[in-house]
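Only one chain is shown below, in structure tokens, and it's the form predicted alone.
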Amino acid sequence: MSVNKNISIAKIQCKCTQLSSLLSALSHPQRIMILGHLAKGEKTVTELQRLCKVSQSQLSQFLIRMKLQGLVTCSRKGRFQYYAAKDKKIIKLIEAIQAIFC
């Protein structure tokens, strides 16, 4: 019985660590704004730049970091790169944040 409790505690600790990393990755207003737009569907860099009112170089830095942190994915379609939120959990979290704070 104590083994099951230890496994449960270990799983909870792992989930807490994952959540802490995710919240750390979201800890910049611009990244939250970008994800807010991506929660509504994939966007090009140009679309995100217009929506977020940020320079292309700043946006590129944010997107590179967010991709490395596993928040977004990117795909090329023709001559455009499209960015999207990586998974539905992130979208649900962003939608909840928007519902509470916006």
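Basically, rigid core = biggest C-alpha set you can superpose within 1.5 Å across the two forms. The numbering used is simple: start at 1 and walk along the sequence shown. Please read all numbers here as calculations on a predicted model, not as lab measurements.
Here the subject shifts to the form predicted in complex with a further copy of the same chain, a form of this protein not shown in this document.
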query: Contact of residue 29 with a further copy of the same chain in the predicted complex (heavy atom, 4.5 Å); finding: yes
query: Partner proximity in the predicted complex: residue 33 to a further copy of the same chain, non-hydrogen atom cutoff 4.5 Å; finding: yes
query: 4.5 Å heavy atom contact, residue 22 to a further copy of the same chain in the predicted complex; finding: yes
query: Touches a further copy of the same chain in the predicted complex: residue 93 (any heavy atom, 4.5 Å); finding: yes
query: Heavy atom contacts to a further copy of the same chain in the predicted complex at 4.5 Å, residues of 69 to 102 in sequence order; finding: 89, 90, 92, 93, 96, 97, 100, 101, 102
query: Yes/no, residue 88 Cα shift of 2 Å or more between the shown form and the other one with rigid core fixed; finding: no
